[in-house]
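Just one chain is shown here, as structure tokens, and it is the form predicted on its own.
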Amino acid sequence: MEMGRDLALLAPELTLAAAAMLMIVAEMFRAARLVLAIGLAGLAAATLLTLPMLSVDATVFGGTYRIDLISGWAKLILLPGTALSLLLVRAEITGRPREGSVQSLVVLVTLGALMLSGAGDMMVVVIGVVLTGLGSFALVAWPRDDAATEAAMKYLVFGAVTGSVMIYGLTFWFGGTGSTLFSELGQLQGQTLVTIAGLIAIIVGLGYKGSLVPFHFWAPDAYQGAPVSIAAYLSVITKAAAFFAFAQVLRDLPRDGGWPLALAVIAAATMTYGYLAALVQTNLVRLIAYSSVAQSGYFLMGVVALGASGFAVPGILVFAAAYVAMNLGAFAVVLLAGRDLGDLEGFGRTRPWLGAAMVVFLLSLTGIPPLFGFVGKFYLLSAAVEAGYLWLAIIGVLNSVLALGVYLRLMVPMYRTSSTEHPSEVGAVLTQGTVVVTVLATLLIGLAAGILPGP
């Protein structure tokens, strides 16, 4: 009976795993369209199976995996985000070799992201990091050119080192509690050195996955070397999963170990460095990559407030949903416009509705009301203030002003008079469809914030 219950609660994950296996089989016959159809069907089925479980608060397999508010909403964010990413992948690389393999890897990486989002055990986090990492390395390397190969190697080496540090450091928590379950971390009360050792390990391992400063160095190169659709996918799905994992791990860790202050300092550094670095970029993908680094600092504000504010978990979830919509949308426009900042010259004049959509995404990333991004940042800033970190909230607000300066570098050129032509692209229908979905989410969900999880 217990096994049957556990498997029933894991129906979304098992459905996605089955879809991934079928995609691999279909790719053996080089049936790229069938691979895509199976992937989209599996993602849709897993999403529907998640809906009845949003009110469930349980664990499976001895507490190693959690079915709760975080993991439930994580699926509703990550699964549709992956479906939109698959459409972008199809639009960008249709007809090219190993197209189906790329789509299969995307779904498998998302399966790893779901494991991170529901992790209740140290080993599940390790497996999630490995599964998302191995697939991501291959996705970045897919073009097989010098830039992609270099980026994938940096990504791989950085991932191997940070993963090793994380595994080693987690042994301290195991030694201090006698268990690999995160629910037992309360036993570390008073064991300051052990708490710090394990915390450093988690910050290194998940901070790399979430591209926190100073573990972010792989991100700009990986995004630039990978196809735009893969950069879009990595910038939202694996990043959001890292912060869901942070929430699952640290909500059980005693706050008297000083970890909230350490993470607050990292959050402030990440926000500030990300936007300052973005200010000097000329490559559009690298600019958005550094912007993505800065957004990680806002995610971390919610993690800092875990256990001290009712806005913490809802803030992480709402901002993740907003971030997936607006960042995927921004990358979809980049896919249509071009990789360099100069490619945006006159884009808003020649492609008016796409230019308007890009403005919406950038203003939402800044945190301008009443857009979706504003709602997420409002939750996170409220969490920081309620947790006693007013200074961090002030830095977050100031960095939003800096963000506007960054994004004006994209918005202003779009409406200059230019002789640059922006013809209709191959795969434009799928890409423009993605833009439509994401811009509607960015515009409308912010106005209907009452449907989102709250404190």
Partner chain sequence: MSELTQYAILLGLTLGTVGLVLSLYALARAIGRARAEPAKDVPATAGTLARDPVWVRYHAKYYGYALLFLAFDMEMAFMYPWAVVYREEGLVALLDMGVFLAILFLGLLYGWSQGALRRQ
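Everything numeric here is computed off the predicted structure, so don't read it as measured data. Numbering follows the first chain given and starts at 1.
If you look for the form predicted in complex with its partner chain, you will not find it shown, but the lines that follow are about it.
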Contact flag, residue 101 vs its partner chain in the predicted bound form, heavy atom cut 4.5 Å:
yes
Close approach of residue 437 to its partner chain in the predicted bound form, 4.5 Å, heavy atom
no
Heavy atom of residue 27 within 4.5 Å of its partner chain in the predicted bound form
yes
Using a 4.5 Å heavy atom cut-off, state whether residue 21 contacts its partner chain in the predicted bound form.
yes
Of 319-327, 93-101, 75-83, 250-258, which is the one stretch near its partner chain in the predicted bound form, taking non-hydrogen atoms within 4.5 angstroms as near?
93-101
